[in-house]
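Let's start with one chain on its own, the form predicted on its own, as structure tokens.
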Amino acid sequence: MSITTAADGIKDVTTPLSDSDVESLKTGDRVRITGVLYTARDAAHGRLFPLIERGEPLPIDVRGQVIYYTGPSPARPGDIVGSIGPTTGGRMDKFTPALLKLGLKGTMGKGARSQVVKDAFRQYKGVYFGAIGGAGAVLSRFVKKVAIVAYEDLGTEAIRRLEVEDFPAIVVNDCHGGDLYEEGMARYAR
């Protein structure tokens, strides 16, 4: 198992993830991710999806991996990466079930996901992590290495392989049907 709980209650998650790793995560869990994250936004997903539809291999092996919806800004001299804040996960909803079916275990972004995606998390044992919006410069400190692995012509939207250490996030949707946004709003409903 690549998930342990630290003394501070935060779960330390090491990628790649297995089904049992994903099953151990619950909505609201605070996590620190160490290992590999792949970046992909709208343009990269737009190139991956036709490959999936045609049954062709993808430029990355998504099995057990986490895709972070981000397009990092250029790095300043001496920095590994620029600001690396999350983009809205819902924009990738039409692509997510197909990637989960291929073995993707996690996605990370900001904002709510559709019911179709939440159902796919249950069906394929996936999880949606929320990253802190507006804190991209701070999040860049957790990136130890970055390399473009596909679609370099897309610039900031190219697929990158990030090596991260203790990258902070929270479980928004788990594979048990939990939804942090719905649960949070219900607590404050009158």
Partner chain sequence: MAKRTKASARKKGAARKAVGPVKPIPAAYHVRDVHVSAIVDAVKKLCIDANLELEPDMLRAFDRALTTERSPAGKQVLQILKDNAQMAKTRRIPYCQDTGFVVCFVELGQDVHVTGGALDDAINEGVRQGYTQGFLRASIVTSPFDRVNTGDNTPAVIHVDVVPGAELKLAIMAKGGGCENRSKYTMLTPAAGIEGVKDFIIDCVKTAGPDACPPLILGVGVGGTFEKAALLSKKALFREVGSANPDPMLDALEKELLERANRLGIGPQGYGGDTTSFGIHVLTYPCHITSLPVAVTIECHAHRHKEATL
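Numbering follows the first chain given and starts at 1. Quick caveat, the model's predicted, so the values are computed rather than measured.
Only in words, not in the display: the form predicted in complex with its partner chain, which the text now covers.
- This chain is displayed alone, yet in the predicted bound form one of Gly130, Gly46, Gly64, Gly35 has a heavy atom within 4.5 Å of its partner chain; that residue is Gly130.
- Taken together, the three residues Arg54, Pro59 and Pro97 lack any non-hydrogen atom within 4.5 angstroms of its partner chain in the predicted bound form.
- By the criterion of a heavy atom within 4.5 Å, Arg141 is counted among the residues contacting its partner chain in the predicted bound form.
- Shown alone here, Arg30 lies within 4.5 Å of its partner chain in the predicted bound form, counting heavy atoms only.
- Contact check for Thr39: every heavy atom lies farther than 4.5 Å from its partner chain in the predicted bound form.
- Among heavy atoms of Gly82, some come within 4.5 Å of its partner chain in the predicted bound form.
- Along 105 to 138, a non-hydrogen atom within 4.5 Å of its partner chain in the predicted bound form is carried by Lys110, Gly111, Ala112, Gly130, Ala131, Ile132, Gly133, Gly134, Ala135, Gly136, Ala137, Val138, in order along the sequence.
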